[in-house]
Each structure stands twice: as C-alpha cells, then as structure tokens.
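The chain that follows stands alone, in the form predicted on its own, written as structure tokens.
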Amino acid sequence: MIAREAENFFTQKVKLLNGELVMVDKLKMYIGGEWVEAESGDTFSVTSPVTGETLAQLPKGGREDVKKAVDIAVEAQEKVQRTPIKERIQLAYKVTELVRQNIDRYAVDLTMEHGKILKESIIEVEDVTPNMLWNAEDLKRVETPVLNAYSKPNMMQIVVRDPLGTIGVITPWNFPWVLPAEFVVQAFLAGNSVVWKPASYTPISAVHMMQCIEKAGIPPGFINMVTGPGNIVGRALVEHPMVDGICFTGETTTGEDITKRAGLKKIILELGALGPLIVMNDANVEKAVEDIIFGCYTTGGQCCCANERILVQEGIHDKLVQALTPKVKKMKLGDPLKDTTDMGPLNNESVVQKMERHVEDAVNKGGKVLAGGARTQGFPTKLYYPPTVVDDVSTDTLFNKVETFGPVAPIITFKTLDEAIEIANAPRYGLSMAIHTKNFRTALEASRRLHAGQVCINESAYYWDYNNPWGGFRKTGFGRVAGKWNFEAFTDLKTLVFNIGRSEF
C-alpha cells in the first residue's frame, strides 16, 4: 500500500494563472519500503516559479537518513543481484504502465514546480516509457565475450558483468522525470540497490516516480529515496564508504567536489556544457534559425545540451540575425499551462541572476541586445525572463567561458572554420556540439576536430536519444549512459577462468 501522504499529497488550494486549483500537502521520503519523515523532523518547502505559492513540504534529510538508507540498500543488494532478469524487467514494465496512467496529472505538477511549458512537461513524462523499456530490452541482450587464453594452453576465459553493488544516484532539477528514468530503475535493472537523492527544486516529480516504483512492487530496500539539500544529503551519499558507485548530473563545480570526496567509488559524471552551434556561410538559414530557436529556448535553455553559443560565419551573419530576431521577439512568455505560451518562467532566482550577469557582461564588452535581455514585469514571480538574443558577443565574455543555462542566443562571429573550432573547443567543455553546412567535407572536418561526446551535423546541439552513449569530455565529466551503455556504467567486468585440461566435468 502506498502511504496516504504519498498517494494524496495535495490538500491545500493554490490558485494558478489560468484560474484552476491544485492541492498541496506534506510529502515524505522513501526508505526501506516505507514513506518516512527525516530523523530530525526538519522540512523544506517547494515554491512554484509559476505562481510563487508553496506547492509542498518535504523532509529535509540529513546524514542520519542517508546512513539509514545506505545500510538498508547494502543489506538488500545481494537480493537485488539474485533477482532474475525477467523479474527485474517485469518491474520496469509495470513502472511505465503506472506512469502512463497519470501523464496529464504528472505533467501539470512538473510544470508547476519547474516552470517549463505544459507541452514540454507532457513530452518529458511520456519519455519515461521508451527510456525504461529500451533498457529493459537491452538487458535481455547484454553480451560479453568468451576468450581462449594465450599465455597458457587449455584455458578458457568467460567474461561476465557483475553489478557494482549499491549506487548513489543524484539527479538535477531541470529534467526531474527523464533523468531519474535514465538512472534509478536502470541501476536496479543492472542488479544494484539504489539510494536516490532528487533535486530540491523539483522533488514532487520524484515522489510521483517513487510512488510508481513502489506500486509496481519493488521489494523493500531495493530502491530508496532521500530528499534534502545537496551539500548535506548528496555529500553524505558520496562519502559513505559502503556506496560502490555514484551517478551524478549537475554543475561542474559540484562534480569536481564529488571526485575529491568519493574515494575509489566508480563515478559517472555528466556536468556542465557550453555547446556551440556553428553556422557556416553555406548553411540553410531557415533550418539554422529553426535549430537555434529550439536549442536555445526549449526548457528555457535550462539544459546541459542547449545551444549555449551561436558561432556564425561573417558572410551569413546579417542574413541570419535578420531572420532570427523577429521570430524570437514573437515568442510568447507567460502562463506555462496555456497552449499559446512558448516559454514559462525560469526555475529559480540563481538562474535568472546568472542570465543578468552574462547579458550585462556582454553588453559592457560591446554586445548588443536585439531581443529580451531583462526580466518581464507583471507576472506572479520575478522569474519570467524572455527569450533573448545578444549580437556582437566577444570571445572574452562570460557567455563564451561559463555555462549560462538560460534562454539566450549569444552570437559570436568568426571568419574561418579553424577559428570556429578554436572558439568552440577553448572553454574545455565537451558534451554536445553542432554545425550547419551543406559541405560534407566541412562537416567531416569539424566532427573530427570538435572535442565533444556528440557532434551534430545540420541539427541543434540540443539533441538526445535513448540509445546513444551519452556523456562528454573534459569539464563535462566522464562515463557514458543511455541504452546499453547504462549496463557498462552500472556494472564491472568479471572474468571466470577455466582450466579445461584439468577439469573433470
């Protein structure tokens, strides 16, 4: 049975922008098969960026809660590993069925706690199903080699994959359904027990997902969820000596701290990015503009693979800017629950302040704001920041050095492909990069020289698929996830060595 608090977690009325009502209540975290408060009794509130109202209260977990969750997960781990693959897969199937039954409700709640427009929230919740099912099918087909030994005759080596053990999963606020759907159940599918720490800005979605996991029949201790601040809960999880692996998506500075604290754990890090979209003189302007708008303003630009920089060759600059700017100005900022809205509020004050710093820095160094560029007044919160275009951005600006993570297209002009590649690679982030060109040789040259985990040709940098090896180079972290690559991330190789000449079986 799902606890009453987790099943009916809205009890107070909050007026939305469109006049509808939604309910709020006190939620709990999930440890050892039970919905529980923090040991300290402390709580924190979730405030809607849409309305400014309190949506829910959750337990503010601490080190004692992490210890309890890890102890339970470690105790359960052998049972997880011994659970037949068929049963693990069936559980994933049931989770997706439960998610599908409530997509509309979950999407509204996601929009209210995140700020992204409803149609994007619906797509995100819908993406949970193919994401999990893809991995469930991949688990059926995990392959490892059988090797004939070289150094000694009559020896055979059978390579298998063993789960890491107990994995700590720390997920961010920008995709509170898709990212847990990539890591939490997948870590279990690979045979691990899990302690999951969701982001504190968007934990309502995490509670929903945990509800579905519990209702699907997950045995106690197999997957646990501890809510609370990252510098306490996340850090305790990273430092715990019985945690065997850490999977983290978030800022580069936090990732660097994790590498210092984690010790000899296996770590999968997907950190910050500064994805360039390069537009060559021969590019199709209409399609390039389409990809710029999608890659800069979807999810309010709050995505690791967003187009963070638009590098435009000088011969096409004017034409592209003249095509882009009017379209951006027509985009509607407002109530994210309305179908006519193109972009809702940003998620939190830190994101907006970073936008302001980066725009101001660019303008002080010669940049020109062609669209947006300042908070929009007249909304329930101060988090409504419009789609922005800044032209004449120099390479010494913050836009070209630090991830902005907001709705902006900073336009940097270049002369040659060599110069574009140098600008693209200079900040040493390398998740997703893109180039628009009609010249195959140019595309191939760029794809070879751009240092990123993914290079997109005639596509936005904002591209992701269920089965590609997702991850980056350099300051973007290390390790790959998604599709079959999850099973490489969440397992280790073990070799079984048989002396065939001595064996009597």
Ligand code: NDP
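If you're wondering where the values come from, they're calculated on a predicted model, not measured in any experiment. Residues carry their position along the shown sequence, with the first being 1.
A second form of this protein, the form predicted in complex with the named molecule, is not displayed here; the remarks below concern that form.
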Quiz item: Is it true that K197, L271 and E403 each have at least one non-hydrogen atom within 4.5 Å of the named molecule in the model of the complex?
Solution: yes
Quiz item: Counting only non-hydrogen atoms and a 4.5 angstroms cut-off, does P336 reach the named molecule in the model of the complex?
Solution: no
Quiz item: Hey, in the model of the complex, does N231 get a heavy atom within 4.5 angstroms of the named molecule?
Solution: yes
Quiz item: Is W173 close to the named molecule in the model of the complex, meaning a heavy atom pair under 4.5 Å apart or at it?
Solution: yes
Exercise. May I ask you to check whether I258 falls inside a 4.5 Å heavy atom distance of the named molecule in the model of the complex?
Key: yes
Practice problem: Would you point out which of 323-331, 263-271, 131-139, 415-423 contains residues with a non-hydrogen atom within 4.5 Å of the named molecule in the model of the complex? | Solution: 263-271
Quiz item: Considering G367, P386, G250, G191, which brings a non-hydrogen atom within 4.5 Å of the named molecule in the model of the complex?
Solution: G250
Exercise. Could you spot which one of L431, I223, L346, L277 gets a heavy atom to within 4.5 Å of the named molecule in the model of the complex?
Key: L431
